[in-house]
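A single chain comes next, written as structure tokens; it is the form predicted on its own.
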């Protein structure tokens, strides 16, 4: 599935992933390929991307870490939309 992570600074990530875990306000949840459409508010926590060959641009690489095979981006808040195998995270 395709994922885009956008912040006020610009696009932090755009690419193909296998799954994403986001910090919902009522707890973290994971979205996989063919997930039902959803829009949710995000709280403080980590956005975790899983997949083979996830590439992060050098310009924003310092915002991400790699933990146990996942690419991790800490956020303070945001929203997420999943529709038609495309997830968009608007993060602060």
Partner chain sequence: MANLKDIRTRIQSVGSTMQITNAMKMVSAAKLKKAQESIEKMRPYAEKLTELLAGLSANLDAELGGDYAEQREINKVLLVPVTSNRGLCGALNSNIIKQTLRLIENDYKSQEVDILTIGKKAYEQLSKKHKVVANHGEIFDDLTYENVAKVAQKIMDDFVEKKYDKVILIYNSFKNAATQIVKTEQFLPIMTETTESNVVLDYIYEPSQAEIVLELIPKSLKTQFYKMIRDAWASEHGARMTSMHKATDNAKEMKAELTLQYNKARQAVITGEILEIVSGAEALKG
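All of these numbers come straight from a predicted model, not from anything done at the bench. Positions refer to the first chain, counted from 1.
There is another form of this protein, the form predicted together with the partner chain, and it is not shown here; the text below is about that form.
Colleague: Quick check: do 8, 26 and 92 each get a heavy atom within 4.5 Å of the partner chain in the predicted complex?
Modeller: Per the other structure, all of 8, 26 and 92 touch the partner chain.
Colleague: Would residue 16 show up as a contact with the partner chain in the predicted complex if we use heavy atoms at 4.5 Å?
Modeller: Because no heavy atom of residue 16 falls inside 4.5 Å of the partner chain in the predicted complex, the answer is no.
Colleague: Would you classify residue 53 as touching the partner chain in the predicted complex, given a 4.5 Å non-hydrogen atom cut-off?
Modeller: No, no contact at 4.5 Å.
Colleague: Do residue 59 and the partner chain share at least one heavy atom pair within 4.5 Å in the predicted complex?
Modeller: Taking the distances in the predicted complex, the answer for residue 59 is yes, it comes within 4.5 Å of the partner chain.
Colleague: With the partner left out here, check for me: in the predicted complex, does some heavy atom of residue 73 sit within 4.5 Å of the partner chain?
Modeller: Residue 73: no contact with the partner chain in the predicted complex.
Colleague: Going through 37-68, which residues have a heavy atom within 4.5 Å of the partner chain in the predicted complex? Please give them in sequence order.
Modeller: Those in contact are 37, 38, 39, 40, 41, 59.
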